[in-house]
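Below, in structure tokens: the form predicted on its own, a single chain.
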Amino acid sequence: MTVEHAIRVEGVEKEFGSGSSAAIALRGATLTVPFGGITMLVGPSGCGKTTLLSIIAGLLRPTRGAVRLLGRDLLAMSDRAQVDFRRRSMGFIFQQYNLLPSLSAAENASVGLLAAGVPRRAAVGRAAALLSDLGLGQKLDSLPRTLSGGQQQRVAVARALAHDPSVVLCDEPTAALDGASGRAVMEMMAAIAVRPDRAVLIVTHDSRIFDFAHQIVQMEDGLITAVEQRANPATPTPAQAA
């Protein structure tokens, strides 16, 4: 079966609480994320971006609406099936890196593979190869506290991509980085994460990285208010991707 879109969200509503005290986070959001590019979800704080990302990730259930990932109905899955689906098909990159302080860079990048049952030697070897592609070949045995913010985020990128997911979800991945480090991380993602069979969805306030987007989706007050298609996003040169 050919899957047309990586992510399709239709009429998603989310309320927290009930009755007169209910807080409405999403008011019928509809979103399509295509394969082969980076989609950025932008808008003011509190507009519902992170709530929508959490629903797409299967970490929250919407009050109403439909969510399809890779052609599958996410809401029809059992909790266990959702966990298995995330483990196989989704990668996550966070603002604060979420690296384990006692593990080396290669070990951190292999965590998802180990959780999926890949033997340790093979998992660490695969993670090490990806870190080398990300320019961290000399830092494989380094602990997180010895790495710069940009280097730690590259480890987080490697961890998200090591199991070859089709969907990569990012929550403010460059917000904690300076301009040069943030751009370097985005150059790596543009070079490695964007493929015809993969989609990248980034929630961000960071206007410095907007030029890497293939699609920018504007949110406000729980709704998608505008979608901008970009024909010529920034792409790294081979030297930048090394």
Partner chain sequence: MLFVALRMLTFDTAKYLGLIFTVAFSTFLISQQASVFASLMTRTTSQIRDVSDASVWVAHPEHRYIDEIKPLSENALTEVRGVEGVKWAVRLYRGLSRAKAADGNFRTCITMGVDDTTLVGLPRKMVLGDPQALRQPDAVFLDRFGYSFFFPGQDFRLGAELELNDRRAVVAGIVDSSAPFVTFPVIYTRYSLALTYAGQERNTLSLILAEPESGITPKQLAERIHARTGLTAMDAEAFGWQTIWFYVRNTGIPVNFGVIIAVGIVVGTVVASQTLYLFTLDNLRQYAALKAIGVRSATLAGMVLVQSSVVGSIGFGFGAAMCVSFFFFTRNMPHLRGFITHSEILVGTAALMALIVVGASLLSVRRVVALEPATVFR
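The structure presented is a predicted model; accordingly, all values stated were derived computationally and were not measured. Positions refer to the first chain, counted from 1.
Absent from the display: the form predicted together with its partner chain. The rest refers to it.
Its partner chain in the model of the complex comes within 4.5 Å of no heavy atom belonging to T30. In the model of the complex, its partner chain lies farther than 4.5 Å from every heavy atom of R126.
When its partner chain is considered in the model of the complex, L140 lies well away from it, no heavy atom lying within 4.5 Å. Its partner chain is not drawn, but in the model of the complex it has no heavy atom within 4.5 Å of R154. Within 4.5 Å of its partner chain in the model of the complex, a heavy atom is found for none of H5, V42 and L74. Along 150-164, one residue reaches a heavy atom to within 4.5 Å of its partner chain in the model of the complex: R159.
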